[in-house]
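Take a look at this single chain, the form predicted on its own, given in structure tokens.
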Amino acid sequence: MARKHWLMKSEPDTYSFQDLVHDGRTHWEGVRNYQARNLMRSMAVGDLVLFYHSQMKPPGVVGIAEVVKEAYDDFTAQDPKSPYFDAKATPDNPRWSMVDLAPVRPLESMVSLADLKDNPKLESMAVVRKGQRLSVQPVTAEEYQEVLVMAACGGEQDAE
């Protein structure tokens, strides 16, 4: 089965790609949008992720991660001490999911949102479309490869 590709956004002050490299693995908790949650539920081990730093100047893709554990219940939703607590989440109806990610490698150079928008091959990519704010987005294999080419990574070593 072919790997799928994704873009996942994180604010670097909250959790950066460097944090992921340091930790070696993390659970991607706190997603509280049903569409983004459903996309995470369709992820499989081995899927590749463009790690995107949002809320920085400029925002952009900074690294590649891999899904290392498929969707499971986001336990932070049931922890009243968590910033991601959801009073409606229960053990019988956990509502929210998370996946585990591990770093693959940083990009040789960041690919900024402006550069993504300027590339006609990426005009259909969700992150460049006006109003697209989901923190988890599907990416086609062609879009994924084009971002790697833009980052001067060659693109072929992570192909299907």
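Note that the structure is predicted; figures quoted are calculated from it, not measured. Throughout, we count residues from 1 along the sequence that is shown.
Note that the form predicted together with the DNA isn't included here; everything after this is about it.
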Trp28 within 4.5 Å of the DNA in the predicted bound form, heavy atoms: no
Heavy atom of Asn119 within 4.5 Å of the DNA in the predicted bound form: no
is_contact(Ser97, the DNA) in the predicted bound form, heavy atom dist at most 4.5 Å: no
Exercise: Gln55 in contact with the DNA in the predicted bound form, heavy atom 4.5 Å: yes
Proximity to the DNA in the predicted bound form, single hit among Ser42, Ser109, Asn33, Ser124 (heavy atom within 4.5 Å): Asn33
Stretch from 42-50, 62-70, 97-105, 125-133 whose residues place a heavy atom within 4.5 Å of the DNA in the predicted bound form: 125-133
